[in-house]
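This document contains two forms of one protein chain, each encoded as C-alpha cells and listed individually as structure 1 and structure 2.
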Structure 1
Amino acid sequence: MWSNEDVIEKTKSSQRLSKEILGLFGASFLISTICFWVLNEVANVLVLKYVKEELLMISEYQLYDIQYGILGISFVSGIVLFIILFLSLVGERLAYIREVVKGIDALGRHEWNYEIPLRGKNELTELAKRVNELSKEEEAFQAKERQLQEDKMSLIRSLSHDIRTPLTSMMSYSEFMRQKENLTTEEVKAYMELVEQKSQQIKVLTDRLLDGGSRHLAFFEDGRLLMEQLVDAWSAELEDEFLLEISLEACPAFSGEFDVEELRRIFDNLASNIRKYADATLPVQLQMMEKDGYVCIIQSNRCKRLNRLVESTRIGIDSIRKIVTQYGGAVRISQMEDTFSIEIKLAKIKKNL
C-alpha cells in the first residue's frame, strides 16, 4: 500500500523527468543563443580585419551583404548547435529506457540476480528501482519455494526410510518363520506380536507422512524408564545376530517432553545401520549417560569388510540428526579406519530431584 510520503515522493519524481528535459532545452537554447551572438560578432570582426589587412575595396552595400550573410550563417549555426546539444543531452537521458527494458527482459527470463543500475532521480529511476525490488522479491519467493520443496522431499525420504525399517524387520522375521519346519505356538504368538507392533509403527509413520510431519509431544516423568524400554526394543532387534554391550548406569533420572515415535525412529535407524554395516564378529556397544548437561547416547561398532563398496545413503543418520535438532541436541559421527561411532546428545536434562 502507498503511504502519504510515497505518494508525495511519487508526485515529485513524476515531475522530475519533464523538468530535466525542460532544463536541458533551456540550457541548449541559451548556449545556442550565446554562440549565435558570439559567432556573429567574431565573424564580423574577422571580415573587417581581413578587409583591412588585405586592403580590399568593397562597397558599403557589399559590406551589408556580407554582414547579412554572416547573420544568416550564424542563425543556421545556432540552430544546428541547438539541435546537436538538445538531442545529445536528452537522448542520453532517454537511452536509460533501454537499460530498464533490458532489466525487464531479464525478469522475463527469470534472471533474478540481474540488477538495473540506478541513474538520476526521475521516473525512470523509480521504475528501475521497482523492477529491481520485484526481481529481489521474486528471487526470495523462488528460494523459499525451493526450500519448502526440499524440506518436503527430505521429510518423504526420511519417513520412507524409517517405514522401511519395521517393514524389513517383518520381512526378515517372516522369511525366518517360513524356513522353519515346525513352529511352536509361542513362536507363532511372538511373530504375530511383532507383526502387530511393526504394523502399528508403520501406520504411525504413514500418518505422520500424510499430515506433514507434525509432532506429538508427551510429558514423561521418568525419562530414564522410557530410554530403557527403547534400548530393550533396540537390543531385541539385534541380539540374535550381534553381541551387544549395553551400559545405562551412568544415565541419570530425568523428565521431559518427548515424542515416542521420534525416539523410536532414532533407535530403529541405529539398529538398521548396525544390521547393514556392523561386523557381527565383534561386539556393538551402546552407552547412555549424562554429558554436558544432555542425555547422551553413544553407539559404536566395528564395520564390515565388504568385497564390493556399499555406499551409505546417509538418510538414516540425516533422519536422526533432524529429530535430534528438534530437541535442541546434536549428533557427532566419528569414523576411524574400521570403527564407527555415533554420539547423540539428545536433550537437555531436567533432573528429577
Structure 2
Amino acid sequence: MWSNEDVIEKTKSSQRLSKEILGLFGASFLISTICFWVLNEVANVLVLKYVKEELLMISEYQLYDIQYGILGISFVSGIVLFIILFLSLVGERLAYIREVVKGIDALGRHEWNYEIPLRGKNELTELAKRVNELSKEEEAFQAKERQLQEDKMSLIRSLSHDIRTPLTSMMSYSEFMRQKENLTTEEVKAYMELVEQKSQQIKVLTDRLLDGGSRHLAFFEDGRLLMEQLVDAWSAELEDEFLLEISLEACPAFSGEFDVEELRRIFDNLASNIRKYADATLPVQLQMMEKDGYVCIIQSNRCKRLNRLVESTRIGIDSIRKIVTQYGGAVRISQMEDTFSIEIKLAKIKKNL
C-alpha cells in the first residue's frame, strides 16, 4: 500500500517532463519576445536616424508604413528564433527518447546486456530505469532457467547412471545363477533376495527420477550400525570377484539425519567402479574412520593394467560428490601410477555420548 506521501511524490514525478517542456517553451518565448522587442526598437531608431541625417522628406503615413514593416519583420524574426530555440532545447529530450526506444528494441531482441544511460530526473529517466531493471531481471531469470535446466539434466544423468548400477548387479546375479550348476536351495534363496533388493532399489531410484530427485531424510541414532549394514551389502556384491580388506574399527559411534538411498548410491557407485577398473588379482581396501570431525570412507584399489578410470571420474564419482555435498562433506580423488583412492568425508555429525 502506498502512503499519501508516496502518491504525492508519484504525482509530482509524473509531471516532471511536462514541466520541463513547459519551462523550455517559456524560456524560448521570453528570449524570442526580448529579441523581437530589441530588434524592433533598434530598427526604428536606425531608420529615424537615417531619415534625419539624409534630410529625407517622408510623410507621416510613409513613416507608419516603415514602422509597420519593421514590426512585421521583427515579428517574423522572433517567431523563427522561437522555433529554433525551442526545437534545439527540446532536441536533447527527443534524442534521449530515441535512446530509450533503442533500449526497448534491445530488450525485445533479448540483448540483456544493453543498458540505457540515465539522464535527468523525469518520466523518460524513470522509463529508462524501469527498462534497465526489466532487462536485468529477465537476464537473471534466463540464467536461473538455464541453471535449472542444467541441474535437471545433471539429475537425470546421475540417477540414470545409478539406476544402471543395481540393474547390472541383477544381470550379473542372473548370469551367475544360469551358469552355475547344482545350486542349493539356500543359494537360490540368497540370490533371489539380492535380486529383489536391487529391483526395489531400481524402483526407488525411478520414483526419485520422476519426483525430481526428492530426498527422504531420517534420523539414525546408531549411524555406525547403518554404515556397517551398507558395507555388508557392498561386500556381498564384490566378494565373489575380489579380495576385500575391510576395516571398520576406527569408525566412531555417531548419529545424524541421512537418506538411506543416497548412501546406498554412494556404495553402489564405488562397487561399479571397482568392477570396471579394479585389478581382481589384488586386494580392494575399504576403511571407515573419523577424520577432521567427519565420518570418512576411504576406498582404494589397484587399477587394471589396460584400463584407466574414465567414466567413473565423470558420472559415478560426480554422483557421489553431489550426494556428499548435500551433507556438507567433500570428496578427494587420488591416483598415483596404478593405484586409485577416493576419500569421502561424508558428514560432520554429532557423536553419540
Partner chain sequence: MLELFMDPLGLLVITFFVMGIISVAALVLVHFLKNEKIKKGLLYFLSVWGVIIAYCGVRSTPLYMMDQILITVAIGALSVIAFLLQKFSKKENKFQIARALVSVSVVAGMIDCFMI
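The term rigid core refers to the most C-alpha atoms you can superpose between the two forms while keeping them within 1.5 Å. Numbering runs along the sequence of structure 1, starting at 1. Only a predicted model underlies this, so the values are computations on that prediction, with no experimental measurement involved.
Taken from the form predicted on its own, structure 2 is distinct in origin from structure 1.
Core-aligned CA deviation for M153 between structures 1 and 2: less than 2 Å. The Cα position of V38 differs by 2 Å or more between structures 1 and 2 after fitting on the rigid core. Taking 2 Å as the criterion, F75 counts as shifted between structures 1 and 2: its C-alpha moves by at least this amount when the rigid core is aligned. The Cα position of I84 changes by 11.6 Å between structures 1 and 2 once both are aligned on the rigid core.
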